[in-house]
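A lone chain, given as structure tokens: the form predicted on its own.
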Amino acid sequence: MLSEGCAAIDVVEKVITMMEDDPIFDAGTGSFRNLNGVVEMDAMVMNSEENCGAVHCIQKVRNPIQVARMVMEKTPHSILTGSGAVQFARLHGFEEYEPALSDVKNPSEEIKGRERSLRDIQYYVEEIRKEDHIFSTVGVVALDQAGRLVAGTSTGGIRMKMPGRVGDSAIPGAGTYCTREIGLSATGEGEKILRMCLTYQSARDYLNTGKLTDSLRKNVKRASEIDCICGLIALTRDGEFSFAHNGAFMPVYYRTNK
């Protein structure tokens, strides 16, 4: 698409849509359920003009990234959440869709018959986090022939999260960030990524030093110091690409005009 002159925003939306439709990823169709057995998804796009659109805790849509783009292009807002995001999606023709239909990652017996009080939820979620070491949030950064950068991220959040939980993916400067100089997307432990403003700090270090890989590795090291499993992809307006992570593995694909 890029070689044919397509805009970066179209490419980011298309590729993330493909991954949202693939149940292997924790985004769209493959999203994890929350403690109530409901899928709540977050997604965001941001461009090099520093405009962004995001949805938090959106339910019953197939492709949250498409709704996030609509928020950026069709509203004066940056973020819509919950029922408001769903209402906006329906007004713009997004049909009702139930993610996690196969329940491959969400066995029904894990949800049924488990009564929880607010008192035990924190303990329960902490136990889940000890078991989970793989994060399958999806992210894309693209640079088009006009020199426009766009970054996008989509996720179903952590397994068995509390209803209403928002992670880092759809927060500007946390899980997604883009300027005229650089675009970034992150994956990993959302709460800690959010607190350390991972993509913003990485972008700032790159702008100060001009060293992309060093900047990413520096901030992943900072994450390791607070016991945060995470990963980053980044692309500059000059076409330089890099990534860094501290987890077991992080699949990455990139393509250049060469």
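Numbers for residues come from their place in the sequence shown, where the first is 1. These numbers come from a predicted model, not from an experiment.
One more form of this protein exists, namely the form predicted together with a small molecule; it is left out here, but the text below deals with it.
For a residue to qualify, one of its non-hydrogen atoms must sit within 4.5 Å of the small molecule in the predicted bound form; none of 33, 63 and 99 qualifies.
In the predicted bound form, at least one heavy atom of residue 136 sits within 4.5 Å of the small molecule.
Not displayed here, the small molecule is kept clear of residue 205 by more than 4.5 Å at the level of heavy atoms in the predicted bound form. Taking the partner from the other structure, the small molecule in the predicted bound form has a heavy atom within 4.5 Å of a heavy atom of residue 190. Taking the partner from elsewhere, residue 72 is found to have every heavy atom lying beyond 4.5 Å of the small molecule in the predicted bound form. Look at 176 to 184, 76 to 84, 153 to 161, 139 to 147: in the predicted bound form, residues with non-hydrogen atoms within 4.5 angstroms of the small molecule sit in 153 to 161.
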